[in-house]
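Single chain ahead, by itself, as structure tokens, in the form predicted alone.
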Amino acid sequence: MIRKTLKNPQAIVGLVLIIAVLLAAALAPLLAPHAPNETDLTKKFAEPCADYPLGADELGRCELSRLLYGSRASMSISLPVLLIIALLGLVLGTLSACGGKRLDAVLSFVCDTFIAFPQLVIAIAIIGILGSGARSVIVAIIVAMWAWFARMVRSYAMLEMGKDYVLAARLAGCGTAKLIFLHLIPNVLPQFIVYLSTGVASSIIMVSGFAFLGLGLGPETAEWGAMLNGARGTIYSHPEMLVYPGACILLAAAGFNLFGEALRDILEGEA
């Protein structure tokens, strides 16, 4: 599978974009010319130069530095959130598939209830209750997205439940917990990783969307959505202040989506 992935142009493009975003996040303190919140009003809307490669914003802050640190803010929220959602989805989805009809009915009803509402509506409601801030954004995304992942894992696990190795494990006295962690999860994980990679893109867009709406991180935070929110007033005089963070969100989301779709095509070709 790795060899096929490296020969797939779409997967390579997606992987390059993902690596670029992760490197920008990891190396932001080394690559950024200035501190992200370092202000100098004498440099207000400064033109691109050697000291300010992408110019400066309305407070004289280095735009490149804020974009680099913005990748760190987006990734530091999106990736841990997706890891938590992935664990919840894998455990609850496989438990629904092999835990009996009653448990399956209860978990399916709960998942269907959450899925019936748009993710953004659920997330906004959670943030409205908990207030703005990074912790509220994390909780909101988990609550809004977990049911979709659990439902997807359940569909994968139900296919596995009809296979001979599951029946053999049951006849050998394998309990539910052992069946989930030793058999079902390892076999649904390849397909789930494909769905997870596209979920990262959704999480990035959701984090940025909250900040843009003023519901997440504050406008003073070096985060792409917050930068978009702060630049709305300069859309006519300095549209580049909107273009830079918008392009970063687009490229980051495109990288994970391209890579995930390429993995899906590869897995379907192997099936």
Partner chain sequence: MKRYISHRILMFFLVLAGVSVLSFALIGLFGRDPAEIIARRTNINASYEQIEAVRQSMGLDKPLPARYAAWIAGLFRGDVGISIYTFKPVMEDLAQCFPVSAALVGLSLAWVIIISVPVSLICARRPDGAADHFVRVASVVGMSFPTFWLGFLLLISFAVKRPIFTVLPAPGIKGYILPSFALSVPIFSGFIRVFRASLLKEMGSEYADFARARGLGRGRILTHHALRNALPPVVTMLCQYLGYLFAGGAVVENVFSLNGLGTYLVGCVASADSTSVATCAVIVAAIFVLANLAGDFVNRLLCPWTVRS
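This structure is a prediction, so every number in the text was calculated from the model and none was measured. Residue numbers count along the first chain shown, from 1.
As for the form predicted in complex with its partner chain, it is not shown, yet the points below apply to it.
Complete contact of Val121, Ile235 and Gly246 with its partner chain in the predicted complex (any heavy atom, 4.5 Å):
Every residue of the candidate spot has a heavy atom within 4.5 Å of its partner chain in the predicted complex.
Only one of Ala116, Ala177, Leu167, Leu83 gets a heavy atom within 4.5 Å of its partner chain in the predicted complex. Which one?
Selected option: Ala116.
Name the residue from Leu31, Leu242, Ala26, Ala35 that puts a heavy atom within 4.5 Å of its partner chain in the predicted complex.
Of Leu31, Leu242, Ala26, Ala35, the residue with a heavy atom within 4.5 Å of its partner chain in the predicted complex is Leu242.
Counting only heavy atoms and a 4.5 Å cutoff, which of 182-190, 71-79, 157-165, 123-131 contacts its partner chain in the predicted complex?
Heavy-atom contact with the partner occurs in 123-131.
How about Leu59: is it within 4.5 Å of its partner chain in the predicted complex, going by heavy atoms?
Heavy-atom contact with its partner chain at 4.5 Å: absent for Leu59.
Residue-level question: is Ala222 within 4.5 Å of its partner chain in the predicted complex, judged on heavy atoms?
Close contact is absent here: in the predicted complex, Ala222 is far from its partner chain, nothing within 4.5 Å, heavy atoms only.
Is the gap between Ile205 and its partner chain in the predicted complex 4.5 Å or less for some heavy atom pair?
Although its partner chain is absent here, Ile205 would touch it in the predicted complex, with heavy atoms inside 4.5 Å.
Is Phe212 a contact residue for its partner chain in the predicted complex, using a 4.5 Å heavy atom cut-off?
Within the cut-off, so yes.
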